[in-house]
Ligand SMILES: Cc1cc2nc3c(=O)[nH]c(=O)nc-3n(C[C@H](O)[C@H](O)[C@H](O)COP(=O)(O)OP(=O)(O)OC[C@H]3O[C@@H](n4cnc5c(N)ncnc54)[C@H](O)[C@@H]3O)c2cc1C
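The form predicted on its own is given below as one chain in structure tokens.
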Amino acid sequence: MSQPPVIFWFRRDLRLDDNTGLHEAIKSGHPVIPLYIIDPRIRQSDRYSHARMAFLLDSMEAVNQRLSDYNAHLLVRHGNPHSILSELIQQTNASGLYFNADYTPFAVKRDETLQDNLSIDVRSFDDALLIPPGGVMKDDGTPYVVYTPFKKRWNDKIKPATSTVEMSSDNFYNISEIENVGIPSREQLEIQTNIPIPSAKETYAQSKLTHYIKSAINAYDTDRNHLTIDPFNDDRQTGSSFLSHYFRLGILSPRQAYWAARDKYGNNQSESAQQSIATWVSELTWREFYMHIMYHFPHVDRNNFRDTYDALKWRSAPEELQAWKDGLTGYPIIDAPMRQLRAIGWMPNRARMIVASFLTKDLLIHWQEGERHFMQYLLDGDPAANNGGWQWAAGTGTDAQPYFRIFNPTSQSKKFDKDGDYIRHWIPELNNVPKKYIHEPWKMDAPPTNYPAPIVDHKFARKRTLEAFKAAREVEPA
């Protein structure tokens, strides 16, 4: 009698290599049903991204192509995961469900419900992080809420090796007799985006990682703040790796990145290069820190981490918010990345900090407005990292930027886009503005008529924000 199948449920791990849950399912000796469930609740979210969904569909196609090497196919179903899984278990007499854990409040609640209600063996594996939540704790057993001590303890932890397994056609269940709606088209999901989608193949992502480690990681410390115009269509590598969208969907694993960097570090004799590599690895640590924070403190998903600032009087300014979204604030260093975001679904990390500071500190508009907008456009939009970054900028989070530290958009512009190349590319209205005025075109005798004047005076805005934060800090806790 043939073995009953087990189900491997792909989620944020769309790859075959170094996939812990998939490999464990194969090692079970049971034929594996590779499953992806398109949950309609994702598309109903106010943080839904058409571009990210298009990228997801491409990554599903890439997984399906790799599965075809083993005469297997990705089984795709639409609907509530509990209903879909219950039906599939009944149809196939599956004896087990395998998946890799996700740590957002939505995913944790969903998975706990499945664990409690499905009638088969349900096995969850830690795959999305090098060290899962609960693995980096203070001596008293409580979670860290400050990055630097978290990083120190995280660095001391032994990191897991990458997972390998031999695959063959015998490892997979024949799903030809099972209803399979297949991978939907963009039209079927009514995806509307003009953002060009980069390759979603895991082999391509691995090649990008390899190329970066070989050619550019040594310069990360000096080049990471470079305002790159379009990393997806420019092969010239700067210090940044431009791999975040691959980590977001699990097309690359953090173990693949970590060990590639560690090998480079061990084979590099330059102290400055080793420092750059260590700094790049610390970006992986930041990613893990924010996931740990969201897991241990799920309220941050929709609220301030620091309840001190629940009393903060944010402004309701719809026209200013829309100007920020459209890249029409009159500050070139704000408008260029906001237009870049809409055009390619990405912006440099330095630019993310600058535009977030402007929205929350110059315009005094709630960080949730910016967080939501970023999630609607970013290909790498990750709930934990995006939330953590916005609360850092707003001064309401864990390792928050102090409320009194407010980026000056003009000085940031002069420092990080000295010649104005980035600005001119994304704001063609300023192409003919001399370098002397590219950061402050409103100071010209005859400013461009097709570009707006600043919507707020930075000096005035800074004073207004300091007063608002001071008032919130003086409110007695309830």
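The first residue of the sequence shown is number 1, and the count goes up from there. Just so we're clear, the structure is a prediction, and the values are computed from it rather than from any experiment.
A second form of this protein, the form predicted together with the named molecule, is not displayed here; the remarks below concern that form.
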query = Non-hydrogen atoms within 4.5 angstroms of the named molecule in the predicted bound form: do Leu243, Tyr290 and Phe374 all have one?
reply = yes
query = Does Leu284 reach the named molecule in the predicted bound form, with heavy atoms at most 4.5 Å apart?
reply = yes
key: the named molecule contact at Asn349 in the predicted bound form, heavy atom, 4.5 Å   = yes
query = How about Tyr103: is it within 4.5 Å of the named molecule in the predicted bound form, going by heavy atoms?
reply = no
query = Does the named molecule get within 4.5 angstroms of any non-hydrogen atom of Gly395 in the predicted bound form?
reply = no
query = Here the chain is shown alone; which of Trp154, Trp390, Phe305, Tyr98 has a heavy atom within 4.5 Å of the named molecule in the predicted bound form?
reply = Trp390
ask   = Considering the named molecule in the predicted bound form, which of Gly327, Pro198, Gly250, Gly381 comes within 4.5 Å of it through any heavy atom?
value = Gly381
ask   = When the named molecule is placed as it is in the predicted bound form, which of 349 to 357, 190 to 198, 77 to 85, 327 to 335 ends up with heavy atoms within 4.5 Å of it?
value = 349 to 357
query = If you look in the predicted bound form, which residues in 184 to 222 sit within 4.5 Å of the named molecule (heavy atoms)?
reply = Tyr220
